[in-house]
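Take a look at this one chain, the form predicted alone, written out in structure tokens.
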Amino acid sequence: MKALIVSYCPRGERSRTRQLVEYAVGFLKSKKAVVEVLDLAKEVPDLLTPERLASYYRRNYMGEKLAGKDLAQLKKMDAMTAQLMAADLAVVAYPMYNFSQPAIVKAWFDSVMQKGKTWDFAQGGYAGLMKNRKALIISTSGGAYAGDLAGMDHSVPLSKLHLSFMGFAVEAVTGAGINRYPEKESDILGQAKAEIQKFLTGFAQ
């Protein structure tokens, strides 16, 4: 079984998200899973610039065979898509920024949500091409967005939508309220690790 860990932890050793990622990687390796890590802080996804978007549309929607510069500018997008397509499990981990995903994480989703590769049109709608695979979202936030504040969290719901649209069975673990309740940081992260282990135990069986 192969797991792809897509992480964005720009604060390095200070990152609480990184603590959870390292826990997930360690657990997967202890279960003999093949683990590949894509660090988005080091391997920044390409943006859908007008030129890149035009090439993508011509190839993936119009069926044109690209060459030269047109094909080359899709190289990183295609490499990241191939990484995802080769995985049985995708773990996407990042901190919430301003109530949503960091821009780099959204750029990764824009890269890998490719028509004809990870999703396609189907009779009456859309079809995810990544079925029979699982995905886990790991997210941390300084605030706690539950109850009346749940509508402020556009991070996890958006990631769930992206992944389920591609066909993944998705679950999420959120370490929320770390800055709001600093005295509870250890408990919050401990609970998140327990939830990660529970999910990954099911994957590794």
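One-based numbering along the sequence shown. Only a predicted model underlies this, so the values are computations on that prediction, with no experimental measurement involved.
If you look for the form predicted in complex with a small molecule, you will not find it shown, but the lines that follow are about it.
Judged by heavy atoms within 4.5 Å of the small molecule in the model of the complex, the contact stretch among the candidates 90 to 98, 123 to 131, 71 to 79, 109 to 117 is 90 to 98. Taking the partner from elsewhere, residue 143 is found to have a heavy atom lying within 4.5 Å of the small molecule in the model of the complex. Not displayed here, the small molecule is kept clear of residue 30 by more than 4.5 Å at the level of heavy atoms in the model of the complex. Using a 4.5 angstroms threshold between heavy atoms, residue 179 counts as touching the small molecule in the model of the complex.
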